[in-house]
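To begin, one chain is listed below as structure tokens, in the form predicted alone.
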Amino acid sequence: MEIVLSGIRPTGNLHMGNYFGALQNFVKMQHQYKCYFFIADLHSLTTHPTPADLHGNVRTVLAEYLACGLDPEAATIFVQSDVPEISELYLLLNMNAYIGELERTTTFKDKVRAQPDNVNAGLLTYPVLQAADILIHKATKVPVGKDQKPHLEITAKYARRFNQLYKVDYFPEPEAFNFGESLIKVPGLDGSGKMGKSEGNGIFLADDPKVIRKKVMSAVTDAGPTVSNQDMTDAVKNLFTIMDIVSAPDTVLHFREKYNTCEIRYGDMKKQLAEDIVTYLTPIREKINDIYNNNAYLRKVVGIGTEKARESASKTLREVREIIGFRAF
């Protein structure tokens, strides 16, 4: 059976970019593949080394995972730091990761520009830890957005390098996966880039209706089309992309026709979009609140997930150590 793995950093509430870019498909995948879903709390320290409430953030993401439909009986759901084998594999992979190639990574260069006062070693070797996350379970498919595909290519490179250095055919090369569909990137409300917490342009799963309406109504648009079937600006295209996700097909068709005939009123479109998002997210928000406050259930989920994750990870690490040449006396 194909092994699928994906994780999300606990740096705040999940937003629509995380959810629609991954979690919708996760719910489908968990019954058709051997799935590992984790909360990447170690990764989060690269950009937030002194979090105010790391445990609370992990708890929130875990509740959101479960509220969106992930089933701890069907899939393995765990917290990254609860599986120490990942950290040891990260160490071993770092021995064959080179500074030059890590410094050339686009995401590293972007982060250096964004946080020049916090260019730490963990930030530089972020792709190596990501590779350890994937390779520790010998995952073959990794659901990622377009922005993360380069990191996945680095993981495949490290898998090949390990196999070549030690003359084995051990690690499979993982591939990007989106349930048979093209990789996607849910846009932000500011009309540029992807939706994200750090960009301040996201709608979070736990946002209440008033907050959602305010965010959507402030979304960037343009002056409107002046000729029939005019090409859309990125800002307007972004609104339609989100509408494609949450609205009924006839609603989307209505506003596309209004755009193509130069009759569109963006205020009307955004009001409709806001209500559709509220309708879509309300049951999820209610489930998040219920699960977040259920200590016994969360403890049970983490316990089951940690046991299953460590069983897989310890087998891989034991075999990797043997391949490299570690032996007990």
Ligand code: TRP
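A residue's number is simply how far along the shown sequence it sits, counting from 1. Treat the numbers as computed from the prediction; the structure is a model and nothing was measured.
Another form exists, predicted in complex with the ligand; not displayed. Remarks below refer to it.
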Non-hydrogen atom within 4.5 Å of the ligand in the predicted complex for each of G7, H43 and V144: yes
Here the chain is shown alone; which of S247, T76, N238, Q130 has a heavy atom within 4.5 Å of the ligand in the predicted complex? Q130
Out of Y90, Y126, F162, F255, which one falls within 4.5 Å of the ligand in the predicted complex, going by heavy atoms? Y126
Is H151 one of the residues lying within 4.5 Å of the ligand in the predicted complex, judged by heavy atom distances? yes
In the predicted complex, is there a heavy atom of the ligand that lies within 4.5 Å of any heavy atom of I134, even though the partner is absent here? yes
Please identify, from 255-263, 92-100, 136-144, 218-226, the stretch that has a heavy atom within 4.5 Å of the ligand in the predicted complex. 136-144
